[in-house]
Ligand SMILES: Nc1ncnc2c1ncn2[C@@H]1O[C@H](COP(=O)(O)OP(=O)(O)OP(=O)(O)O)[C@@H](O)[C@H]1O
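Only one chain is shown below, in structure tokens, and it's the form predicted on its own.
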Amino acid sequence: MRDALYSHVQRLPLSFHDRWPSGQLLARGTTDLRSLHTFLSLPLTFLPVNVATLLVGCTLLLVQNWFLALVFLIPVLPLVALGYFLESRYALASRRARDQGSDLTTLVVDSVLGVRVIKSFGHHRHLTRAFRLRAHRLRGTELRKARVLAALSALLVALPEAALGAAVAVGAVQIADGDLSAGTLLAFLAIALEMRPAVTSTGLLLAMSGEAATAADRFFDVLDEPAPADAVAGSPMRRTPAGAPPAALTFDHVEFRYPDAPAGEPAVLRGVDLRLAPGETVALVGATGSGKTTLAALVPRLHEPTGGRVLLDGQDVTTLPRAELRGQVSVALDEPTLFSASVAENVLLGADHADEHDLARALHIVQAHDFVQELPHGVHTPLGEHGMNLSGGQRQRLALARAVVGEPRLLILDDPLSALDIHTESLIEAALRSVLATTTALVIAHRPSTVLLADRVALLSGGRIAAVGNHDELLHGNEEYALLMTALGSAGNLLHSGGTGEFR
């Protein structure tokens, strides 16, 4: 079940991950499945034994003396009714406790991953108060569960004991009247006492079964989320062999609207038309929020277009299996994600056919070879969680190396040089030119120096491609592009000149 959950989560679209906090998924894969494990190893075994014990015991009691048996079994109906009522309340409290526990887990995960920001802004007291509030709320829910379980357990003990006392009293009267022998009453009581452990333990077993039912519901909440039909779990990423010709990329009247967008809000992309010839590099520029990253995400099908088509070598990407499509496309995002693995494992994740030679070439291209060699174990040095023991520029360079190590047919770069100093940026740009000469590339640019890497520039505005041309043409012929480049250039030069305002 853990394997099924993990595989399914990997197949689910990004829209699912946008809606589900990481703590909710973590709790379902750990505490919920642990409850199911406990149920399978204990209650699942003893509940059938208890039921069989009670059925056989009741049959023997009826055979011994049907009148005493009826007296003894009178509390069964109210016991079942009250037990059902308490079990329903326990199930609701159990679900609430698990949801609150997942929210608490989410807060812990966010606090651990964002510990540097928390310490920098001194927000630890605020988050501690938030943690205590949620933990106190969870404690209250767990206490309500305990009270319901206590009431159920008391009911399962008190009613059978009262029934047994009534049966003893009635039996004593029958013995006094000569209608019953003392031996028969003793045999009746012996059978009834043998049934008592099964009755008293049933409360705990039912509570554990209720916990397992709640855990199973939460588990299947995730497993029932629809996954794309061609996102087959465990399917290998078939990378295109090195040396394959560059791909042609076409956006044909592409439209996109986020699934959770308010009704009436215009689509993010509205009729985007753009073509990249094989081997061409196109820079995509536009104001913040214009949809550049969203447009790029449609190529490897991280999102699906809600209208129009994205074509790779003339074939609609939605007709290609995701594994085959993503084997031809490499992506470097503006927020680099690294894993708790070695440098080599992080970089070689970009190509299953790459070897140490390809690794060294990619590290040289992104100017990462020197700082990697200075790490304690070189390329075999384990990185901390999310690579937080590296600087932002170092993380970005390793993410860029992962994108270029496989010599992809199509390369998508989302502001790949944003965290680099001007000296390193110029060295990487020079090396990138050799990479871009052998592949088709869509580069989302936020600085003029990145724009200059491209053969052509496309301006995205109002959800459409407003202008296409080379940098000089657009700079002198498109007012919006000129204003955008002026703003980007001023900001970049301020950063690179140490805040002096000197324009370069």
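Given the structure is predicted, the values throughout are model-derived calculations rather than measurements. Residues carry their position along the shown sequence, with the first being 1.
Absent from the display: the form predicted together with the ligand. The rest refers to it.
Student: Any chance residue 367 has a heavy atom within 4.5 Å of the ligand in the model of the complex?
Tutor: Looking in the model of the complex, residue contacts with the ligand do not include residue 367, since no heavy atom lies within 4.5 Å.
Student: Closest heavy atom of residue 260 to the ligand in the model of the complex, within 4.5 Å or not?
Tutor: Within the cut-off, so yes.
Student: With heavy atoms only and a cut-off of 4.5 Å, decide whether residue 311 touches the ligand in the model of the complex.
Tutor: Residue 311 lies outside the contact set for the ligand.
Student: So in the model of the complex, does residue 292 come within 4.5 Å of the ligand, heavy atom to heavy atom?
Tutor: Heavy-atom contact with the ligand at 4.5 Å: present for residue 292.
Student: Please determine whether each residue of 123, 337 and 385 possesses a non-hydrogen atom within 4.5 angstroms of the ligand in the model of the complex.
Tutor: No, the candidate spot makes no contact with the ligand.
Student: Only one of 471, 37, 464, 446 gets a heavy atom within 4.5 Å of the ligand in the model of the complex. Which one?
Tutor: Contact with the ligand in the model of the complex is made by 446 alone.
Student: Ok, 276, 298, 268, 156: which has a heavy atom sitting within 4.5 Å of the ligand in the model of the complex?
Tutor: Going through each option in turn, the one that passes is 268.
Student: Picking from 344 to 352, 71 to 79, 163 to 171, 284 to 292, which part of the chain touches the ligand in the model of the complex when contact means heavy atoms within 4.5 Å?
Tutor: That would be stretch 284 to 292.
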